[in-house]
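Starting off, we have a lone chain in the form predicted alone, written out as structure tokens.
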Amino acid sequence: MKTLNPNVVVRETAQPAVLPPEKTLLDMLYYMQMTRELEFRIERKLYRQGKIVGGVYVGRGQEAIAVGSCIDTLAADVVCPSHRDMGAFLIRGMSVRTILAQYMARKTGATRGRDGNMHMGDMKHNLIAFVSMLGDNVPVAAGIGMSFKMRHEDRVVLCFFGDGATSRGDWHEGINMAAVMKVPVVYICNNNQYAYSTPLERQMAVENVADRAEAYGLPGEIVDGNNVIDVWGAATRAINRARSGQGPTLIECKTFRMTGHSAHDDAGYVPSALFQYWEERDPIARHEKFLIERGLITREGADEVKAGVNREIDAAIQIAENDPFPEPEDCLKDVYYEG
């Protein structure tokens, strides 16, 4: 471990001092596989078949971040995901069928057919929907955390965003408010090196997103975003800190976006060597290797996890494709007050 400044900690990838329970370690593999396979079907199959007409943004290569952060959240906690955090939706309880119906604009989707995108949430699962102005959820999370503090509730907010969002004004305002008020929020940055096509060095003069924490008086921690156990460890520390009344933490997860910004983007502006470098650090392959070496699963067992995930997705697609579209007049429901 090395220190850049008193408030920013960089944790080197090594054998962690504390590991999650064995069941959690195995659940991590399931949720990362489900995230990747579900997004593969959405982006590479359904979108290209013309069954999805909205925007498609996936987090291939970033699965460890949402999974490692959310896997130990409590039902009463609140999660504010962004557009590359599919694992958060799955862990919090949104079904695969609902997610697929959402993308295919079916009535059974999270927005009941109003959208065909990741702009979805579900208050039953304490999932807060986001919009395209990424970074807008940062002050929202601060407000939610403030309400928990005022009510003396033992609840924590996890708020996700990308590196590009940290260059927006509302991000800085929200972080500052959360720090001043010492609200129970964990801010998690998916630093995947590109904000659409803008590389990190062209959008910020500091080396790390976590360096920005010091200016607002909250701790920042940098972790390997492609190691699900490292992410879990950082999130656990930050969640415990928030629950104990010590305020927010900023976690920067170093990772890489193994696709273009969206399904229509071929990422031609990204040097091919970067893809090769990060492919060798694939979070799912690394976690599988860890589990096999510790005797928690066999190679055949890991393959069966993937096969089981595909069977689940096959069944959910069949159901979602047969779900009805909304009636045209449904677009006016819940828009205007009707008494």
Partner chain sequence: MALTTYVEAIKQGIWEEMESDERVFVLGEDVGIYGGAFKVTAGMLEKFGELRVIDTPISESAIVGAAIGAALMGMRPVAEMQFADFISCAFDQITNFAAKCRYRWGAGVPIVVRGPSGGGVHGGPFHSQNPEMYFVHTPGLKVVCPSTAYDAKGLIKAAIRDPDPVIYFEHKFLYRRIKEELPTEDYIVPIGKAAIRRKGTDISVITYGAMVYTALDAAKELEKEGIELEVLDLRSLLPFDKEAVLDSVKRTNKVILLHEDTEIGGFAGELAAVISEEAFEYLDGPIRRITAPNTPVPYSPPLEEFFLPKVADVMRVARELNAY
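Numbering follows the first chain given and starts at 1. Keep in mind it's a predicted model, so treat the numbers as computed, not measured.
Below: the form predicted in complex with the partner chain, not depicted.
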Segment assignment from 148-156, 205-213, 244-252, 227-235: heavy atom within 4.5 Å of the partner chain in the predicted bound form: 148-156
In the predicted bound form, Val78 touching the partner chain (heavy atom, 4.5 Å): yes
Gln193: touches the partner chain in the predicted bound form, heavy atom cutoff 4.5 angstroms: no
is_contact(Gly121, the partner chain) in the predicted bound form, heavy atom dist at most 4.5 Å: yes
Touches the partner chain in the predicted bound form: Lys107 (any heavy atom, 4.5 Å): no
Heavy atom of each of Phe130, Ile144 and Gly174 within 4.5 Å of the partner chain in the predicted bound form: yes
The single option of Thr259, Thr111, Thr98, Ser82 touching the partner chain in the predicted bound form, heavy atom within 4.5 Å: Thr111
